[in-house]
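As structure tokens, the next two blocks hold two forms of the same chain, structure 1 and structure 2.
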Structure 1
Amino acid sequence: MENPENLYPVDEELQKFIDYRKRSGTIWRGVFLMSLFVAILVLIVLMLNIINDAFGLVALENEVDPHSLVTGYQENTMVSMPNTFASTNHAALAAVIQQNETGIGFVGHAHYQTNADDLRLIAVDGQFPTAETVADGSYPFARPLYIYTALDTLQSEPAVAGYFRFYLENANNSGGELGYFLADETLMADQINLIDTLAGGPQALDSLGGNLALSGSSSLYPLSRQMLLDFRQAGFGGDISIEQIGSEAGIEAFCRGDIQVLNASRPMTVAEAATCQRNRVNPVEIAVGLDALAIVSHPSLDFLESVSLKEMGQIFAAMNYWDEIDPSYPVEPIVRAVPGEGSGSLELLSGSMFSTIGLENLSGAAYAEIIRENLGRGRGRALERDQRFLAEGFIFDSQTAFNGACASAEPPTGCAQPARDRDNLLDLIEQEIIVPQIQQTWPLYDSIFNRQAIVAEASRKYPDAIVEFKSWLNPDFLVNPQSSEAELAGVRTAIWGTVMVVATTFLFSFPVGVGAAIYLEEYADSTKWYNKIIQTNISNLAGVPSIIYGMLGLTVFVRLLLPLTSGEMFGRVAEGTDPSGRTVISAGLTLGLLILPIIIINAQEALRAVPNSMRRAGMGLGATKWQTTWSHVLPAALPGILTGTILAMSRAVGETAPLIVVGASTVIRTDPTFFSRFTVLPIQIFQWTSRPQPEFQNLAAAAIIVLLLILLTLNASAVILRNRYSTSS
């Protein structure tokens, strides 16, 4: 084949050229697919890493147990009910019941045994307190009994060591007769060996002297008193004393070093043991058996054979007359005898009767009472002035002081706000009283495949913590403001800030960008030098680093246009405060400048894609250039314009550097306005990732998911709008 000018290859050269092109295409196709695969793989790994941090097990420990707030409120209710006698002395409780024909109450089983002829035992859910029902837990009001002493006391005072050994050897002889359910012989023998080891061997009773001071639980009082009497008869010649002041008061006295031996109807809490150790009192705990609280009544109260836990809650914490519980009961007032505050018996009662009631089940009035009892006066007063706890009356403040504060030059926010509602009070209790603290977190992978090991580790390191699965991305995370406590922190203020900044950015950049594109494509003479300069600068500005736009925004919007961006010209600056241009308006305008070149270029490309025949057709029918552009060209280009605009907005959502320069805050706890300080999601994520606590890394992962969802929503909107307008056009 002739090819006189050798303009293109032929024959073998043509085949070689074709083969070369095929090889090149195959290689570049492979490179493209490999790059795409790597990009997708990196994105998948990134998303898995984020999800791995956003969900998982946590060891959660509350500063105050929520259920203790419930039981504490119910305890206060029980002791403050009408016709109620409260005392830590069970003998006094028994006497009150004996003297009132409609009397009912609780006494230790040992006290019931002593007064069995004058008291009537009532079953609880059909169960009476016996050795079997107490041991298997079917009787609800059973609890362990303990005696405590300090390690130094045990080692330095032979009388205490001798008494403990004597107690363990002889309690079973007298305890059963007194109505107690004593520990088994094996446990007793093991504890005797422990006492001998700590004290340096057994003590001879006839050589013991000194004093013995006991105090604490009234439930254990009869047994400990009998052991003291038997101890004296066995040869102890020193002075002895015993008081019944309740377990809680006894523990406080013991930790202060006021007593040598503590009687307790419950074990020490971790906090109480820590208090003792801070006072150089190292507790030695000895279990002596079990006791049961007996519910008893006057013998004439024969209509009541057995009660349920629900009925007991009504009797002791709700109703005042018997017929209110059951119409068949007599119309007589209920006379109650209950253990006093600070008693382990009262804690046992409230914990059992109200075990199914959660903090979230209480009323707003109950929340107000819990706040009154558990919040410091100074802090409570400050919060009450921020927003009142009660619609009528005050908890910490007074009407006179509140009115005076409202009449001052700077009135508190509570003057213009309604009282807190029930949900607000519950949130306040969680934040100010319960104060949940996460001790440790575990990622999702380990939480799924190593759960047992995690639970074992947490129980060893944090015995008071609860191990539970936590989704850091939850409704509370979306509606809570920022907080220094990771357990209470949320992204509401950051989301609002992001939305307001993006809205400002869109309202500024979209009309300006589209207008500029229409001018450059439809009206400007591309041969003119100034139009060439404008087009060149727009293309160059699209590649300028974002930090430069931040500096431009700081100079122009924050400083030069301060009266506008601070709201001063609109009267939005509080009297006596200096105006600040570091606001949502400044941030939105700065990001508007950042994405303006991108919007202009995308809009120009969309306008160029519109066929010129459409323009000629419009003007051929007599339309002006503007009418043709507005009615024909712009609608046809709108899908491409919207797509480019929303993609540019997606970039603005993720920007951080220019907003830091403009003055975005890292911590904002109140919802922003257009003329206030603000934060956005990327800055919030940056702030959390820079903190050393691992739980803030989990919060950052959850916030990244929220940011990605916002970006995906914007991108999906671009696709939907493009498809819709493409179809309609």
Structure 2
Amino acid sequence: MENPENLYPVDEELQKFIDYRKRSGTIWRGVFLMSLFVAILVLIVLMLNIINDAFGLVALENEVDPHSLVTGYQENTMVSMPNTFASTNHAALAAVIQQNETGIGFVGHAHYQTNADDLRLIAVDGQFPTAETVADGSYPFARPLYIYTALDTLQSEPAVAGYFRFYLENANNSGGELGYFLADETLMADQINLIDTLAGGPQALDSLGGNLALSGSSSLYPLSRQMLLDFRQAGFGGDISIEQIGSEAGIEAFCRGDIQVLNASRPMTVAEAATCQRNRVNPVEIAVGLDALAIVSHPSLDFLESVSLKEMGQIFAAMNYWDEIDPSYPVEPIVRAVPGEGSGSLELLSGSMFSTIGLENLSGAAYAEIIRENLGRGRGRALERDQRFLAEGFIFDSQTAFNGACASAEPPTGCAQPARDRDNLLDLIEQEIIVPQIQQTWPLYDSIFNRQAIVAEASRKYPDAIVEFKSWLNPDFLVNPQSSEAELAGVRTAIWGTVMVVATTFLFSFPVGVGAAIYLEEYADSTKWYNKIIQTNISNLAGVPSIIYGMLGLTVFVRLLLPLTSGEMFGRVAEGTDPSGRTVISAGLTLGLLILPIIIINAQEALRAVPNSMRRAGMGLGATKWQTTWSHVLPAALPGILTGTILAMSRAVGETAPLIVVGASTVIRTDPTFFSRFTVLPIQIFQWTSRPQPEFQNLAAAAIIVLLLILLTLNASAVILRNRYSTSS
């Protein structure tokens, strides 16, 4: 025999060999650990991904700005107050105030200047309109003034270009005298350059052909008129004319192409500019100065020195007599002169005067008024039939038409219901008028670390949108029903659906599953072929793909047992409607069959764990098998059975595929009953995930969090149950 030592590695070779084995041991250990880590990593990434999508910045664009509804409502109120004179013509306003001893109102500062002897200027919060207070913004009713023309006009009519250039050069000379506040000199110079670039350099005034026709704002009227007169004085030979129709009407006409040069006391909105563009009117905007609205009264109202914005609200939009404002004031009616509807002045006024009033501060009556003003007639009528807006009277409908509808075979729901309350009206305004629309959403990570970039991007892409942080998971999300508007959609109906489907599942599968387990463990002779078949069959069923159960449910519950599952048997189908078996009951029974094997297997294990001595003790006392099982074995096994059942239920809560096959509906807006069509959380998640719009992915993420929380609760209760009873027994 050879020396055995030599056939194994020795000395250095042995050392190398051992090192090699150790090293590969370490490497593989690392490989195994990494594999395990991957599983944990996935769980973490999955959770982070969901959280990342469930919270974050959104760019929200309202179809209508909620504040404009407030100001619009307040403007209406103001204009329709008693003893109120409204006009877009400031000279007329000034005249009304001069003629009434208790008169108060607003005129452009220029108009006040011309009538300064007959009018008394009142301070707002202690501030009079001066160059300083207007420039630094401490006087609230100030705004820039603009003249507009179309680019085509500017380039093809030298008279317009000439007039614009003249305006910019001279407005600051005449403006001050007329009561305007001067525009920045460099701005004016820049704008002259702009005109030169667009229309070519200056030309001699007397050589300019054509006429000039101005229209629009009354506030700018005195200045533009003065400029026209000076222009003619300086040598312009054409005809000149100027009208005052208010800024809004002016802009509208301008965008139709009906006005050559527009005076405006506010800038065009984005929407208006878009309208212009559509009509191939390419507006050129030139700022010519600043105007302030002066609040003035008849000289005899000397008790008013200064008013606050709040007092102004009372004076112009609430009270009718001076003594209602302050008891020391005279018992005289308030006579008001306010800028007419559609003027930039009124908008400026209401924007500042009511800036502190939010939509939520208004009364129910105000909401009804806003609905009247902003909602289409057809839609309004339909909504009014669903539920009335007013306790007395109608906004869109008429009493006779409504009574007629109520007397018909299928009366609308509004006949039996009380009128909508304030909250309901507010919701309606949000859904029907404001219609918040999400333009874009950003995930949480970017929202935190790239906030600036996002805000910049959003203000470029959606200038009218608000960028705000949104938690997609919020109380509204939990209580709102499903909706096609991402902003308004919620999971209430889906949660109810899940609760009811799972309740049905439990009621069916728990007794049957436990019964089968008792049979197999306590009664059945497991050597008999038929019991073996049952046992084998149960474990086979546990491996059948869940979608197959869906097909079973579709055929058996939805189609064969239609009278039962549609509720027809119980008279639960409204006459004239088609009964559908695609109900909560069908879904619950299908899931019941699906989790039955799981419940049976778990319950069998729990029963098997009950010591035999307990059975013998019962039998020894002369109890029958069932008595023993019922009063000894079952109570001992119950915690185990319940734990298993809860885990099976959590499987049912998360199941999706079989319910799609059974026929879950995706859009369910009313809370389900057992015989109604249904949706459940996983279905909702599936549906939202499948939508292409990114905001629905956010909704899906939020719904996933709700679903996971429900599952977590279920599992935690199973663990608690298991721990409590396994330690005590």
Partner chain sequence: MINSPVHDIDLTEDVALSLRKKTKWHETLIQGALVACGILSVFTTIGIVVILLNESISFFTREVFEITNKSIATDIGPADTTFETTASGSTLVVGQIVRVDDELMEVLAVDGLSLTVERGIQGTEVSFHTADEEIEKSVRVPFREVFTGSRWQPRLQQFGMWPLILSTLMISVISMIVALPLGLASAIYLSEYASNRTRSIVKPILEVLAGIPTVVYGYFALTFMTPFLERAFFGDNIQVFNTLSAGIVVGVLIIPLVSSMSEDALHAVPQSLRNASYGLGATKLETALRVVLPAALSGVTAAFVVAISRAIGETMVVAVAAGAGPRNFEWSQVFTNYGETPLNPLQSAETMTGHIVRISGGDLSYNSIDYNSIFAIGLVLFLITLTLNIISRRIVERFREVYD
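Only a predicted model underlies this, so the values are computations on that prediction, with no experimental measurement involved. Think of the rigid core as the biggest set of C-alphas that the two forms share within 1.5 Å after superposition. Residue positions are counted from 1 along structure 1's sequence.
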Assignment: the form predicted in complex with the partner chain: 2
Post core alignment: residue 27 C-alpha displaced by 2 Å or more between structures 1 and 2: yes
Flag for residue 130, CA shift 2 Å or larger between structures 1 and 2 after aligning core: no
C-alpha of residue 121 off by 2 Å or more between structures 1 and 2 on rigid core: no
Core-fitted comparison between structures 1 and 2 - CA shift at residue 16, Å: 20.6
C-alpha positional change at residue 36 between structures 1 and 2 - rigid core reference, Å: 4.7
